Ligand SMILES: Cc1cn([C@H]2C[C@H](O)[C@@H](COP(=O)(O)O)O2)c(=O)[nH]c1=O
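Before any questions on how it binds or moves, here is one chain, the form predicted alone, in structure tokens.
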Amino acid sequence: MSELVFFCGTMDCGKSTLALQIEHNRSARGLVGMIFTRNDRAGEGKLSSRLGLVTDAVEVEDGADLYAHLVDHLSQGRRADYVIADEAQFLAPEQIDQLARVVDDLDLDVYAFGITTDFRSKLFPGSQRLVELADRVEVLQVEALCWCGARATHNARTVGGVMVVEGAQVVVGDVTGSADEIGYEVLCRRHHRRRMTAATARAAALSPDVLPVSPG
């Protein structure tokens, strides 16, 4: 029986790498997949991982009907044996419903990949809907680590290495945090609550306020 499976975790836990591995394994067996993505770091219409792997994908636009796209694709005599949806947190809730319909009405497996919460620790609407509808929710076991070495559980947005907690929910960036660029960093809950990134922790360690004072 076909399933809607949601693979989730923080940034840096290998979601896109697993998506590419699933695509490789199935295509090596002669199966043909339909790959959807949105706002990938490699640009429009790409599914990529930070390991440097990349493949072509269908860029999902606002208002796109994913179920109708599959029906049109199949009605033209083309194949689709399974569906991969990467960066699924950026999909609208109604698009997640469409993926569920692909499973139920077209009998295709759908593998969705995404992060659950944004930089404010709030659920993305797409991820929330996946948790509500998925046949299985799989938390990826490759643990991302906070700068302190603890297990990272939260995603932080940074500007120049400083954590910010205001702004639009979706702003594309990467794990940079240099200069005034928008970047992202994974943190443990303790340091997310304290808004302490790797950069601010280094700055605090070098501050004269915390350096030992020489006697005399």
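Start at 1 and count along the sequence shown; that's the residue number. This structure is a prediction, so every number in the text was calculated from the model and none was measured.
The protein also exists as the form predicted in complex with this ligand; that form is not presented, and the subsequent description refers to it.
Asker: Can all three of Phe6, Asp109 and Arg129 be found with a heavy atom no more than 4.5 Å from this ligand in the predicted complex?
Answerer: No, the candidate spot makes no contact with this ligand.
Asker: Using a 4.5 Å heavy atom cut-off, which of 70-78, 131-139, 113-121, 95-103 contacts this ligand in the predicted complex?
Answerer: Careful reading of the contacts points to 113-121.
Asker: Heavy atoms within 4.5 Å of this ligand in the predicted complex: does His191 have any?
Answerer: His191: no contact with this ligand in the predicted complex.
Asker: So, in the predicted complex, is Arg41 in contact with this ligand at a 4.5 angstroms heavy atom limit?
Answerer: Yes.
Asker: Can you tell me if Thr197 lies within 4.5 angstroms of this ligand in the predicted complex, counting non-hydrogen atoms only?
Answerer: Residue-level check for Thr197: no, no contact with this ligand.
Asker: Can you check whether Arg50 is within 4.5 Å of this ligand in the predicted complex, heavy atom basis?
Answerer: Yes, Arg50 is a contact residue.
Asker: With this ligand left out of view, which of Val171, Cys148, Val165, Leu31 would have a heavy atom within 4.5 Å of it in the predicted complex?
Answerer: Partner contact (heavy atom, 4.5 Å) among the options: Val171.
Asker: Between 1-38 and this ligand in the predicted complex, list the residues on our side with a heavy atom within 4.5 Å.
Answerer: Heavy-atom contacts within 4.5 Å come from Met11, Asp12, Lys15, Ser16.
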